[in-house]
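Taking the form predicted alone, here's one chain by itself in structure tokens.
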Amino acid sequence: MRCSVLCVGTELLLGQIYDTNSTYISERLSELGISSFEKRTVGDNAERIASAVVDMLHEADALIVTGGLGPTHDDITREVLADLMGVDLELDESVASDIEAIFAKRNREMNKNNLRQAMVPIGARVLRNPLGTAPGLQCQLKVGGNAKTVFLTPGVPHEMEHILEASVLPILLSKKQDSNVIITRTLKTWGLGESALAEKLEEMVIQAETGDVKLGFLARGMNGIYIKLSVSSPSIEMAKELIVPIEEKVKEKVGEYVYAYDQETMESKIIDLLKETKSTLSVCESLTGGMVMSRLVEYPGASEVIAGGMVTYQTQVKRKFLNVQAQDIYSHECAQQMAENLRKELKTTFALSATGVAGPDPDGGHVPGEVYVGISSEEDLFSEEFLLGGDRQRVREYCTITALDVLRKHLLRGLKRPT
């Protein structure tokens, strides 16, 4: 089974929005053992869309097309597919009812243009979309005398992901001739760059090129580097027998940098550790401007352990509201005073602080990327210094996950202390 991905949208070509859809689709296809043959992007032009669909289907068995299913005049993907199929579009009453229900639920008046989204090529299968007004579609085409399948999904990422997971991938798996099961394992790391990880795992990377278990790296920016392990096998039991020993070897070499696995995140691990130790946390931020707290509260249940926080961006705010006495606000002393005084004020078990220079210019003799992370509890008060690379935004993002990682490691050390 070979599947290609086509993204439709002039805004993608112009760089007005980022293409995250093709990355998500390709990653999911790979995890399921479906070959992602090719990815392309075309603008909102009927001739170019049609040409790309036919050309890509000469090499692929199936094609996933994202975008161009909206209600406006430049949303023409469904019309292009109808022409390629040699059929007309017809109003699907059930889809029209779904759209009307969505507008009614949002207490909004439906524009007549939205009924364009209920127009379906005759013979196409509707793939329900409870998250939006544009349904997905499954269309059958003949290219070069061979039957091919085209899936249309909305360009809105969370709508595309729902239709992909609920409809498209199950259909593709049912057509997949290889009956092997695919097991994947993701080890999420922070603290080492991709080249450093590759060096530590060099022998395993070489073995993976010809072995049963494949090993690769995926750079995830402010989420670090993911180590991806995957194996295809006739049964789940056999797949586990192959992948578990490799995972253990990876952890032997870089386990101290692994902060989460698979669907876990840095913040989910921290929230779980706080719950496990029946602890509470407060957060004081300077250069990160609330990014640390924002990440923590994204995880459901955070309110059980996250008491609150402060963004003390200016020096006078640090001094007035946190009683920071340190002369240098970019220092271990400042980070520790921020954490200690906030913890006492909010009466939490732990407090986390972050201060430093985001850039782009040096400040008071301190260079961009110089940051300090502080931790306070009744038993401990300490801080760590880091020199982070990248532009202003990356320094802030990297400081955010670095601070969280310092906290994670401290919480783990607490669990290992003798009682």
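For clarity, a rigid core is taken as the largest C-alpha set superposing within 1.5 Å between two forms. This one's a predicted model, so the numbers in the text were calculated from it and none came from an experiment. The first residue of the shown sequence is 1; numbering continues from there.
Not pictured, yet referred to below: the form predicted together with another copy of the chain.
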Another copy of the chain: the contacting residue among 238, 141, 317, 171 in the model of the complex [heavy atom, 4.5 Å]: 317
Listed residue (220, 249, 125, 176) with a non-hydrogen atom within 4.5 angstroms of another copy of the chain in the model of the complex: 220
4.5 Å heavy atom contact, residue 366 to another copy of the chain in the model of the complex: no
4.5 Å heavy atom contact, residue 362 and another copy of the chain in the model of the complex: no
4.5 Å heavy atom contact, residue 313 to another copy of the chain in the model of the complex: yes
Partner contact for residue 85 in the model of the complex: another copy of the chain, 4.5 angstroms, heavy atom: no
Option from 260-268, 144-152, 101-109, 241-249 whose residues, in the model of the complex, bring a heavy atom within 4.5 Å of another copy of the chain: 101-109
In the model of the complex: members of 344-360 within 4.5 Å of another copy of the chain, any heavy atom: 345, 346, 360
Core superposition between the shown form and the other one, C-alpha change of residue 106 at least 2 Å: yes
